[in-house]
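Here we start with a single chain on its own, the form predicted alone, put down as structure tokens.
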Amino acid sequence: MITTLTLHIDVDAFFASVEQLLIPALRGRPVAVGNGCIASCSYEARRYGLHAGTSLTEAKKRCPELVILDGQYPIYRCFAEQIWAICRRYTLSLETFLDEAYGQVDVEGLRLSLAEEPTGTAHGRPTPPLLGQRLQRQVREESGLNVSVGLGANRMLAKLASKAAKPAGVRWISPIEAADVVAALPIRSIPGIGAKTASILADLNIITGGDLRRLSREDLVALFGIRGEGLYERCRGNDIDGAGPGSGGPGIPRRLPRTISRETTFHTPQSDQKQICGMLFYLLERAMRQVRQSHLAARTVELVIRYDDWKQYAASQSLEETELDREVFAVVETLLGRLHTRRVSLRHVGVVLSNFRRAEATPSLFEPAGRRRRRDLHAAVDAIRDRWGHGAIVAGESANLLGRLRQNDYGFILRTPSLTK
């Protein structure tokens, strides 16, 4: 018997929807937010085949009347916080990202809280879709934005449900139908299956989730190693991603993220080494702050650079697991010296952290005093930034950006948003 449900809430066309809400003249028109490529576009724009990642040059060719905006990340963040505050009224705990969130709902509490609703019941008992409809209605009334809501027995099913409900819908995948729903999906729609894995499966004539079930657990492990275990469970509607609490609060099952990254395009192509290092340190400390908030430690860092002639290079290096900025930045500087060898300005830089482990709750008794002091310093700086915004403190090489980039409470205003992936 299920005692808790998982919710997935996804804000529809988030950035573009906020702009249409704030600027009435944009309503009903194709709108895209981004710089260089689309970060978010309205559903009117999607009718032209536009989507996140489409270059703005190509977008204008497909849709000449497209309205393109740079975006206002601090404003989007305010809307997101308002929406998540509403969602917390309905959930035991909530794990939030920029435009989506996962929450846990107590089934008995759901029954009691919805018992007075005149509609949406089956045999006199409240149904999960009623919860989603009520939450959706309250978000629309209080924020003016539409969300899609998915409900299921686990995170995977909830996310699949919200995707099927878009835009502005509610979908509940019950335990009885879960296996059949996943069986009908194309394999690329199953979490954990990317282009490379799909190509291998296609060679075996595996096209849908139902086809994937024909392979035994042993077959999948032989093909994909430990990932095969996950594929075996997911194609049956089970989610093995995570035991243990998530960063959103106790009780949220959460897998370790594959990567946490921050990246941006320079306002103008950059060759000044101090500014390049300043930007990399800023991006890295934003990523490492997310690592610490998630109670993780990173063991691999990758540096990505793109020259002004669009040639892109990347290099990664392993390190001892850490959640301290300086220990990772020393490796980033080494990678930069290895990659940045041409006399061409850089257009884009990014850092990608991966290979995570859960951080120890308490430091080792034998931890060096200097490292303990750095850990305490990070805790103090993070606490200040949590209260006053990241821009309250400018640290390390980030000081090289002072006077060169505009700032607000959130931090430096970048040409493209620095978001978690």
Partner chain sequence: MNIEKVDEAVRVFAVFSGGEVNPVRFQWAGRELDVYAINGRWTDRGGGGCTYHYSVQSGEETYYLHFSSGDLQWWLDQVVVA
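Numbering follows the first chain given and starts at 1. Everything numeric here is computed off the predicted structure, so don't read it as measured data.
Here the subject shifts to the form predicted together with the partner chain, a form of this protein not shown in this document.
Picking from 292-300, 216-224, 73-81, 330-338 the stretch near the partner chain in the predicted complex, with a 4.5 Å limit on heavy atoms, gives 73-81. At a distance threshold of 4.5 angstroms between non-hydrogen atoms, residue 25 is in contact with the partner chain in the predicted complex. Mapping the unseen interface onto this chain, residue 373 falls outside it, with no heavy atom inside 4.5 Å of the partner chain in the predicted complex. By the criterion of a heavy atom within 4.5 Å, residue 10 is excluded from the residues contacting the partner chain in the predicted complex. By the criterion of a heavy atom within 4.5 Å, residue 19 is counted among the residues contacting the partner chain in the predicted complex. For the candidate set 395, 381, 69, 52, a heavy atom within 4.5 Å of the partner chain in the predicted complex is found for exactly one residue, namely 69. Only one of the listed residues (47, 61, 357, 387) places a non-hydrogen atom within 4.5 angstroms of the partner chain in the predicted complex, and that residue is 387.
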